[in-house]
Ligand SMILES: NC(=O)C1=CN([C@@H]2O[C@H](COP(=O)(O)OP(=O)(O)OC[C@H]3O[C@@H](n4cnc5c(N)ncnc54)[C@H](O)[C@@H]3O)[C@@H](O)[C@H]2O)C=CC1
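Here you get one chain, nothing else, as structure tokens; it is the form predicted on its own.
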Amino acid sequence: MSSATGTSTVQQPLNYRGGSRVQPADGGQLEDVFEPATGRVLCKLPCSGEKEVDLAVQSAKAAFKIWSQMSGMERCRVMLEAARIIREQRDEIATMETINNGKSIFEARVDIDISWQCLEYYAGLAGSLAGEHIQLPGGSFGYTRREPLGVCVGIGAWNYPFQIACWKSGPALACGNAMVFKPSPFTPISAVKLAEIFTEAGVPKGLFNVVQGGAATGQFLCHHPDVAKISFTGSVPTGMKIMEMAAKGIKPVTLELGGKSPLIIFSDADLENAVKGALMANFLTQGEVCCNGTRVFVERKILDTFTKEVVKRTQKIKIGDPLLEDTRMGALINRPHLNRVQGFIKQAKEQGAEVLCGGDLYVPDDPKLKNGYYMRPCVLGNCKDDMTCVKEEIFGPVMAILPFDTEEEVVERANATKFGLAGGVFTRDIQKAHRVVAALKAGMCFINNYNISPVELPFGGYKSSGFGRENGRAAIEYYSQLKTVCVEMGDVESVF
């Protein structure tokens, strides 16, 4: 792809099956794929039908027979090679991601680094997968085997297209599974690059296939009788539908869904770090991050000081061409989503919130960017817990600041949500920090930082934010199954 905004087109097929790019065998429906920075159409995406989904699953099933019989160390070597290729092609992949997603190239490079680190991490675990030996009376014994599931389906989101594909395929492949991956139809481009990299690294052809499409394609995947597991990242309503479809086939699911996470700033916090943490918790990837700490609870005695500093820093965020090195906020994913975020801000004002900065559309000076999907990052003051902007996931660059007085009060308010993906606390009091995160009903908590994603740590939610875990050793349990073997070393004692 071109490395200049507004000049790229996509010519090659975006499905991947049996070790090469292919046009889908059926489907027919075409979806426009946009470049968020300019509003240009990058390509027309053919959605995969039932026949193409079946071909992809059968291809993965054949590759699974080979891959699952390889030793963990053999799989490790192939995955390390894939990680090496990603590292080598980092800038090219990051550029591809920025053109299709709209985030700054600075951030996209970090995403690609996390991606190869993920594959490297699970490559290291592949050779360590083992069961245990249990001694039984009379010299008999039992043992367990950790075995792969089969063909796993990964359904990705548009905010971290390449990284999510790695987060799902890394543990899946390490455990000996095959995967059919469906990216978001908004960001179909980089997952196919990952498929090519896996093939180049030496996986059996068909081990990682890509099918493209929207809800209908996802339904064909979820209902397919040869699919053993589904891992989905996206919205709560779609997650519920996937769970319903999986239930019909008794298929296990991992769901990484939405959030409306609390970030709690105590008055004894290091103010500089707390301000930086609040910006990181709200404005990465144009605010389109599921675990963002969008409800910023600030202890009343530092409310004015904190708010003033956050507003000052927010107004300095450089918006514009995401491929420029000094850009720190690019374009939102598409026009309907930008309009949706604008609608939340309008409603917030109607309900009594005060826009302290931003929230309006931004039109860059560069004429080629005039139809892009830009807005200024927004900070809302005078917020109340019952406002829509405080209760619902906006998924845009909108921070809501809420004052609090006591620890007990803020914990209760922080937990008063259907979501439970993440939470954070800034304080110098280490006992208070641990006490508060222990009380937060959220799966990923931060103390004196926010929105860092080490691949060594499990990631996932409580409540309506989903279940199952990605990253860390914990993910291995969600891509494998345990077999128990009981061995009798004596004679059978029969009651008959």
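This structure is a prediction, so every number in the text was calculated from the model and none was measured. Quick note: we count residues from 1 along the sequence shown, nothing fancier.
The form predicted in complex with this ligand is left out here; the points below concern that form.
*Asks:* Using 4.5 Å between non-hydrogen atoms, is D321 touching this ligand in the predicted bound form?
*Replies:* No, D321 sits far enough from this ligand in the predicted bound form that none of its heavy atoms falls within 4.5 Å.
*Asks:* I'd like to check something about E393: if you look in the predicted bound form, is any of its heavy atoms closer than or equal to 4.5 Å to a heavy atom of this ligand?
*Replies:* Judged by the heavy-atom cut-off of 4.5 Å, E393 is in contact with this ligand in the predicted bound form.
*Asks:* Wondering, does S235 line up within 4.5 Å of this ligand in the predicted bound form on heavy atoms?
*Replies:* Taking the distances in the predicted bound form, the answer for S235 is yes, it comes within 4.5 Å of this ligand.
*Asks:* Is there any non-hydrogen atom of T199 lying within 4.5 Å of this ligand in the predicted bound form?
*Replies:* Heavy-atom contact with this ligand at 4.5 Å: absent for T199.
*Asks:* So this ligand isn't shown here. In the predicted bound form, which residue out of F266, Y121, F404, W158 has a non-hydrogen atom within 4.5 Å of it?
*Replies:* Filtering the options by heavy-atom distance leaves W158.
*Asks:* Could you tell me which one of G213, G293, G420, P397 places a heavy atom within 4.5 Å of this ligand in the predicted bound form?
*Replies:* Of the candidates G213, G293, G420, P397, G213 is the one lying within 4.5 Å of this ligand in the predicted bound form.
*Asks:* Just one of 295-303, 254-262, 137-145, 92-100 has heavy atoms within 4.5 Å of this ligand in the predicted bound form; which?
*Replies:* Going through the listed ranges, the match is 254-262.
*Asks:* Just give me the residues of 322-342, first to last, that have a heavy atom within 4.5 Å of this ligand in the predicted bound form.
*Replies:* In sequence order, H337, R340 come within 4.5 Å of the partner.
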